[in-house]
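Quick heads-up: it's one chain on its own, the form predicted alone, in structure tokens.
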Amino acid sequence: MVIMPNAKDTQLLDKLNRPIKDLRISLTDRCQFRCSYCLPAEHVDVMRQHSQPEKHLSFTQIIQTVKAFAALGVNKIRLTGGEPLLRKNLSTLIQDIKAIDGIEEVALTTNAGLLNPVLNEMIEAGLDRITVSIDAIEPTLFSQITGTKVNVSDILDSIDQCLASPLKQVKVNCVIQKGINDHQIIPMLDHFRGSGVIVRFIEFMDVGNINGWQPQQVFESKQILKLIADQWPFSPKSAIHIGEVADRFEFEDGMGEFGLISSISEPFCHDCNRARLSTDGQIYTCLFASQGHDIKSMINQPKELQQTISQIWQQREDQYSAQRRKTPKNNLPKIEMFVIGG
């Protein structure tokens, strides 16, 4: 039986009693960067074979889907990719999402390579928060990791523009790979300390199939903490919301905070409240899912769409990261990161 809760008085829960609060929407499965942990240049053909722009959800279809999720309890929307700024007229989409009853926040994750020309119009439309992915602050290494000719200085300038804007919060996400960019942890923090930017270091994860992930490539969060502790005193900081993915820490000298996302060494599946919508209309209930749920055909049937999403969530029992060390690695092919974002 499908239970249809009223989001105002009853929470929609999955089989592990986790509510649905956060929807991450992939606006495109294309990206102009070739980051080694997501879309390595040697595997770009995988993206080209998968991507079918003519089948991407329209903004109207996205709005209809968000309305259904909002009716079930979702209050936060994050726009991702691929690189979401490859979609045009995002300010229109942001404005329409913010007008939906129940949606309290719209955030964007971007590599910032295309950010400057459109930042102000997105903020005027209602964008609340922004996260910039940047995995090295040293110019040559940045170019090697991203596989582009974009200068890291341009990305840093875009972050400064964000800081000077009315945005509620600016974050930087940095995926750490052992022996690749672990020496960038201190320089990254040194650059952003005191600026208001929250830097979050992410353990290299086995998302998708093409990034060649191996356990020995993981630079664990406890190692990151040791490096930082040798440089600056800090203290743990309480989470603001249930389901936060990052452990938070604040510098004792008042120069801001940083976070650690430890999906490998300290999984947080127990309170994961995030669903993902791919650009072609598939719902994924886990970042490591091997298959999605196709809802595109019912987007124009609001009641059926809401019932289907409710049923999908109530049947959810994903906890891939928590089971990673307990059971042999799942050999089923997983959806690629460029399809559903991080």
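The numbering used is simple: start at 1 and walk along the sequence shown. Keep in mind the model is a prediction, meaning the values are calculated, not measured.
The same protein also exists as the form predicted together with S-adenosylmethionine (SAM); that form is not shown, yet it is the one meant from here on.
The partner is absent here, but in the predicted complex a heavy atom of F204, alone among F142, F204, F249, F192, sits within 4.5 Å of S-adenosylmethionine (SAM).
Site annotation in the predicted complex: the residue of I198, V175, V106, I155 reaching within 4.5 Å of S-adenosylmethionine (SAM) with a heavy atom is V175. Listed stretches are 81 to 89, 120 to 128, 182 to 190, 162 to 170; the contact stretch with S-adenosylmethionine (SAM) in the predicted complex is 81 to 89, by a heavy atom cutoff of 4.5 Å. Using a 4.5 angstroms threshold between heavy atoms, L277 stays clear of S-adenosylmethionine (SAM) in the predicted complex. Using a 4.5 angstroms limit between non-hydrogen atoms, C38 touches S-adenosylmethionine (SAM) in the predicted complex. Contact annotation: S133 falls within 4.5 Å of S-adenosylmethionine (SAM) in the predicted complex, judged by heavy atom distances.
Within this chain, S262 is remote from the site of S-adenosylmethionine (SAM) in the predicted complex, having no heavy atom within 4.5 Å. Although S-adenosylmethionine (SAM) is not shown here, in the predicted complex the stretch 104 to 125 places heavy atoms of T109, T110, N111 within 4.5 Å of it, in sequence order.
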